[in-house]
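Next up: a single chain in structure tokens, the form predicted on its own.
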């Protein structure tokens, strides 16, 4: 028996909203990761099982190694299918906002969601959610939004109706948002849920292989290049930074998702417990943070307009690469001062 983390009030409101809606849109964040895609498809399969029309909309393209998931081919990509996205949201009677805590995380889709008169439900596990939805199911202590979707389905009384396709999507979200259960995954109930998903017929070993063992030759060469040429170690503060410029990505024919997991690699080095991947995008610089132990990379990510969890977070910078790295390296080099400041602010709160 799973603990009842989601309040009874929110479950009852959610039940009423589902009963009153036939056409439902599901929206998730820019640069969709495994949890964004998994939670969205998992919820879509559940809703379709109830006889609802459910459409998933993402702001931009997601990594190709999620294409095998059932329903992935039906996802509307806003940047490429603008009119279809507008139509889906304008016709929706209910909108689910999954795996993001603020409208600025969905780029151009934000104006469509904001102007819609449909009721909106947020299901998310990031801290400090903005109040742009009618129902807010926000639990930062939970490892993934996919886990929250599973819990919501169960609390509504529909666990027997979860299909294998729904279970696969939820497992992908849980697996990828914990680095294959290597961080943010200490809670015993996570493994109770995995057990239930296995009973639904998923093959977790095959899922792992489909997500992590289907990379291109260029992706592997890019990984080797990052490790041999682009990784800077700060042994005195037990940290590592890897940097990828646009030119370097073009050199290796970079495809969406090719740098997935790179940020975790330096954590395999003895004595390293903080890792940051800095990747230049067309309009900004993206930063991915990982840590082991108690270092709060989510607090460091907040210095770059981001956030996340204790051991996994993300941020972005609109400054030059030089200024971004100068700021990041100063934070890293002054690790002790940073940790002290964070600890003091938490005491004050």
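These figures come from a predicted structure and were not determined experimentally. Positions refer to the first chain, counted from 1.
There is another form of the same protein, the form predicted together with a small molecule; it is not shown, and what comes next is about it.
In terms of contact with the small molecule in the model of the complex, the residue from 54, 58, 69, 313 that brings a heavy atom within 4.5 Å is 313.
The small molecule in the model of the complex is approached by residue 306, whose closest heavy atom lies within 4.5 angstroms of it. The small molecule is not shown here, and in the model of the complex it never comes within 4.5 Å of any heavy atom of residue 45. In the model of the complex, the small molecule sits within 4.5 Å of a heavy atom of residue 288. When contacts are judged by a 4.5 Å heavy atom cut-off, residue 33 counts as touching the small molecule in the model of the complex.
In summary, the region of this chain contacting the small molecule in the model of the complex, judged by heavy atoms within 4.5 Å and restricted to 319-327, 61-69, 45-53, 280-288, corresponds to 280-288.
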